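Have a look below at one chain only, the form predicted alone, in structure tokens format.
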């Protein structure tokens, strides 16, 4: 959904504060002060802070899903060959770079949002994301599974979340990690280079043989 006028100002103010402070730490009063609107405006356009967070989620996830869907359709129309894991992850990284073009803190906010969805008492946000976008990513996930190592459903579930967790941690802490790299190696990397570096690591994790290991308490 594209917001205009007051609603767009509120969303932009919320994004900035979410990036600076986090979702739980940011109050509606802080958002309205930054957007220079009254409290009633948030309730009118979004219903509540939860509704505003969902609006921010839609701003990122809608275009991200659309990007992946379009690239997949084009690739499948051009060839009937299996799409490799490397290519699928490249599609995902390119879609994330598209999110990053919105503004300097877009990826950080997006990653914090995904992290928030896993927190306690965030069932409403999880349900919203699954209901709104779950079906849109199923084809992409199925293709990842097709080129991954053979494994049970529960193993694939965890590996998929290891992948998501790696991306979320890296991008939500990108500025800190980049500062550490500059201090240690006197050099820093752009987001695009970091995303490209992740592809072989994530691919190897998904293609590693899935042996069941049982730990016994001694």
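Numbering follows the first chain given and starts at 1. Just so we're on the same page, rigid core means the largest C-alpha set that superposes within 1.5 Å between forms. Every value quoted in this text rests on a predicted model; they were computed, and no experiment measured them.
Absent from the display: the form predicted together with the DNA. The rest refers to it.
A.B. asks: Name the single residue among 173, 38, 166, 70 that comes within 4.5 Å of the DNA in the predicted complex, judging by heavy atoms.
C.D. replies: Only one listed residue qualifies here, and that residue is 38.
A.B. asks: Would you kindly say which of 151, 28, 191, 61 lies with a heavy atom within 4.5 Å of the DNA in the predicted complex?
C.D. replies: Comparing distances to the DNA in the predicted complex, the residue within 4.5 Å is 28.
A.B. asks: Going by a heavy atom distance of 4.5 Å, is residue 66 a contact of the DNA in the predicted complex?
C.D. replies: No, no contact at 4.5 Å.
A.B. asks: Although the partner isn't part of this model, could you tell me whether residue 44 comes within 4.5 Å of the DNA in the predicted complex, counting any heavy atom of the residue?
C.D. replies: Contact with the DNA, yes.
A.B. asks: Heavy atoms within 4.5 Å of the DNA in the predicted complex: does residue 159 have any?
C.D. replies: Judged by the heavy-atom cut-off of 4.5 Å, residue 159 is well away from the DNA in the predicted complex.
A.B. asks: Any of the heavy atoms of residue 34 lying within 4.5 Å of the DNA in the predicted complex?
C.D. replies: Judged by the heavy-atom cut-off of 4.5 Å, residue 34 is well away from the DNA in the predicted complex.
A.B. asks: Taking the rigid core as reference, does residue 35 move its C-alpha 2 Å or further between the shown form and the other one?
C.D. replies: Where the cores coincide, residue 35 still shows a C-alpha shift between the shown form and the other one that is 2 Å or more.
A.B. asks: Superpose on the rigid core, then tell me if the C-alpha of residue 203 is displaced by 2 angstroms or more between the shown form and the other one.
C.D. replies: Where the cores coincide, residue 203 shows only a C-alpha shift between the shown form and the other one that is less than 2 Å.
A.B. asks: Given that the distance between the C-alpha atoms of residue 121 and residue 39 changes by 3 Å or more in the predicted complex, do they end up closer or farther than here?
C.D. replies: Farther, not closer.
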